[in-house]
Ligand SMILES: Cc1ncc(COP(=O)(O)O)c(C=O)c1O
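Take a look at this one chain, the form predicted alone, written out in structure tokens.
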Amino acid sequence: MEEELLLIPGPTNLSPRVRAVMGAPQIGHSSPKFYDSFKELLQLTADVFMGKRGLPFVITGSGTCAMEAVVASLIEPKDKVMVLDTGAFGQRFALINEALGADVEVLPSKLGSPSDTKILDERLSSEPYKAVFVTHVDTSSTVANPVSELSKVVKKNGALCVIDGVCSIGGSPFNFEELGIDVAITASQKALGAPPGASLLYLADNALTILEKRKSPIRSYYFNLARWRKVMEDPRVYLATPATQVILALREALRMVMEEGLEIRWKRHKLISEALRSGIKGLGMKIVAEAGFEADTVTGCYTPEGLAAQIHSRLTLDHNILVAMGFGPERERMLRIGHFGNLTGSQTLVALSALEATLKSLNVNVETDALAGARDILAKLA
């Protein structure tokens, strides 16, 4: 059976190397072999985050587990926090904080727009906040927040800066040290090119200090990063059974990331995103994200009126390509196309050609040679 081309905002198609690890014989989570593998994985995690001060964490669970672990471990009941809302996953950070008793203020943005640094500065300078939660790339809106500018504002005002890099790290420029942030998280199944099931976190030294000196107990067993810290410092410590095959597959995926090189990988993602947007515009559709704030890892576009579901269905049935429809209220108006991990230029062009054929089959007027610009951009990958 031919493999479906996954162009959803995660998970992504796996490389043969990673798939081979997933199908390898099971090993024990307490074995010396797994211990050595996990130690290597932690170093690779630090390398991917480009972190030096602090500690990497890898735990079994989706990206939402990383979000909840950060809030449960660092935020105490009634702590005042700010959440930057550029879509559904910023909103999820707000819901998690509310569920765990924080005093939450949300700074919203209109669909397709990034968070406003000036407004953020005004709010943070008006009263003290324990932390600010920033989504780097929100897969619901496909907006890339200017994390460098936002993190500077947050740190200037004395708050912890927590960045959700689930849909960016490994596919967009991200340097934990240069950003000067306190916490960053990501997940295995997007730009890192691994299967779902692992959360990766990086905590700076001051976040680790806050973790250990909080006044109230952490009201969670599994999401208690103080407990997990002992495991990360010595993986022989037992806390919970990890998903061993996912962990080993993640290690292989991170090896591939570092073999390619982060800057080369970022460039590949950027060129593919530019080609995809060029092709989409050539086909007469509008990009959701504001110019200059489009993500390198996922693109949203508005479809011709009433055709989102039909385009989605025909891409799957006729071309074996799976994209995502819009999120929430925008479900019937948008398509969201994930383009991260190990996606190639040729696969990108195949996807654009399939999209062109699908629009024509639905009697949408498409310009001649609508994909010329995309082809020119993808030629730079050679």
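Residue indices: 1-based, along the sequence shown. In this text, all values refer to a predicted model and were calculated from it rather than measured experimentally.
Just so you know, the form predicted in complex with the named molecule exists too; it's not on screen, but the next bit is about it.
Thinking of the named molecule in the predicted complex, which stretch from 251-259, 285-293, 164-172, 268-276 has heavy atoms inside 4.5 Å of it?
Contact-bearing stretch, as computed: 164-172.
Which residue, 58, 48, 355, 67, is the contact with the named molecule in the predicted complex, using a 4.5 Å heavy atom cutoff?
By the 4.5 Å criterion, the partner-contacting residue is 67.
Just one of 62, 43, 320, 347 has a heavy atom within 4.5 Å of the named molecule in the predicted complex. Which one?
Looking at 62, 43, 320, 347 one by one, just 62 meets the 4.5 Å heavy-atom criterion.
Does the 4.5 Å heavy atom contact test between residue 303 and the named molecule in the predicted complex come out positive?
No - in the predicted complex, heavy atoms of residue 303 and the named molecule never come within 4.5 Å of each other.
Can residue 151 be called a contact residue for the named molecule in the predicted complex at 4.5 Å between heavy atoms?
Close contact is absent here: in the predicted complex, residue 151 is far from the named molecule, nothing within 4.5 Å, heavy atoms only.
Is it the case that residue 137, even though its partner is missing from this view, gets within 4.5 Å of the named molecule in the predicted complex, heavy atoms only?
Residue-level check for residue 137: yes, a contact with the named molecule.
Residue 89 versus the named molecule, in the predicted complex: is there a non-hydrogen atom within 4.5 Å?
Contact with the named molecule, yes.
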